[in-house]
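Just one chain is shown here, as structure tokens, and it is the form predicted on its own.
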Amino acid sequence: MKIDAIVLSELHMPLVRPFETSFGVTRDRRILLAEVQSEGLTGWGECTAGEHPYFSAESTETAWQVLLHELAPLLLAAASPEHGGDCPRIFRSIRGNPMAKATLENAIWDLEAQREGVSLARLIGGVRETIPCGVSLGIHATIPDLLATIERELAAGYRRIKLKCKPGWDVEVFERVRHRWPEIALSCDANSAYRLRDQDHIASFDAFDLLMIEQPLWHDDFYFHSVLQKRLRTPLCLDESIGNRRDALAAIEMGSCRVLNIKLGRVGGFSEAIAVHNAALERGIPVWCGGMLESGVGRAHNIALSTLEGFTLPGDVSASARYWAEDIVEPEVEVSQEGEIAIVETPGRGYEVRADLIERLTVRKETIRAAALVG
């Protein structure tokens, strides 16, 4: 495919309600979008980096610079890519920056699906007509506030409740939730808030019949997670530690986890996400799709990824309305009363982008054209 231009836009979008994790509180999102124009078609990608380099080394600002000055010129200068799987080779000279790379790679996959006349889900090998959905609930001001939120989300049909946790916001919370709802699928996510010295405390989580404990220790660790997993009945799930297929294989081989969270941005795009999925599937490790407070563009990509065979656990792919008063796609992403999202079979990502709303929310914009690079 011949790429004519790449348009980068930064949008400012306020969340419906603040979202708190062990990193801090997020009230507004700086959403970075890439629009890849090719022979009358447009593919869209979203950068999932946060406003600060807390979850990963990347941030909205670093990703903008790398996309503008490195990755976009590389993609425009490359021999016409046939599909998204060519992007890792094209971007090979740039170390790290997986979220920036995923922004463009995922847009190319979207373009390819449109050219082929198939949905993005089918292009990548998806097998599901619907995907099961869970929700990720941030740290609340009080436990009664959290219980009220859980009640609302369960009434909306969500199949799994994930609680963000940290020292001081864990055991008492789990006790209250389990007392109220003994049978629900419940998990927790620490975002690396604990250390190995806390292993006795973490072992007490076994009493709450959790589906998994996500990333309790260091963001780049396999070994100490393997030590901790040996003490627990509850499966550990790794998120931040898994940057590629090699990491997934190492974690599985070392017994560092029994579940994997796959995030498109964290691993660099669909190519590596599919590779991680395949490695886990071959070894009987269940996977699920994590969320990063995406707009509808990134959410559409997560939906497609979640249709792969190994995604057997409810992910964090929830409805647009949980985060945004008005999303930038139409139709907005909706979850049924059965806690499922139906897969849209139109070519590409399946959700139309609202160019008018994007324009209204955009605070900066850059267009990189192939002709300008030649000149």
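This is a predicted model, so every value here is computed, not measured. One-based numbering along the sequence shown.
Below, we turn to the form predicted in complex with 2-succinylbenzoate (OSB), even though it does not appear here.
Heavy atoms within 4.5 Å of 2-succinylbenzoate (OSB) in the predicted complex: which stretch in 161-169, 218-226, 111-119, 246-254 meets that?
Selected stretch: 161-169.
Every residue in Asn191, Gly291 and Asp316 with a non-hydrogen atom within 4.5 Å of 2-succinylbenzoate (OSB) in the predicted complex?
Yes.
I'd like to know whether Trp64 contacts 2-succinylbenzoate (OSB) in the predicted complex, with contact meaning heavy atoms within 4.5 angstroms.
Outside the cut-off, so no.
Does His277 reach 2-succinylbenzoate (OSB) in the predicted complex if we count a contact as any heavy atom within 4.5 Å?
Residue-level check for His277: no, no contact with 2-succinylbenzoate (OSB).
Just checking whether Ser136 would be counted as a contact of 2-succinylbenzoate (OSB) in the predicted complex - the rule being heavy atoms within 4.5 angstroms.
Taking the distances in the predicted complex, the answer for Ser136 is yes, it comes within 4.5 Å of 2-succinylbenzoate (OSB).
Give a yes/no on whether Glu214 approaches 2-succinylbenzoate (OSB) to within 4.5 Å in the predicted complex, heavy atoms considered.
Yes - in the predicted complex, heavy atoms of Glu214 and 2-succinylbenzoate (OSB) come within 4.5 Å of each other.
Residues within stretch 74-96 having a non-hydrogen atom within 4.5 Å of 2-succinylbenzoate (OSB) in the predicted complex:
Going through 74-96 in order - heavy atoms within 4.5 Å of 2-succinylbenzoate (OSB) in the predicted complex - there are no hits.
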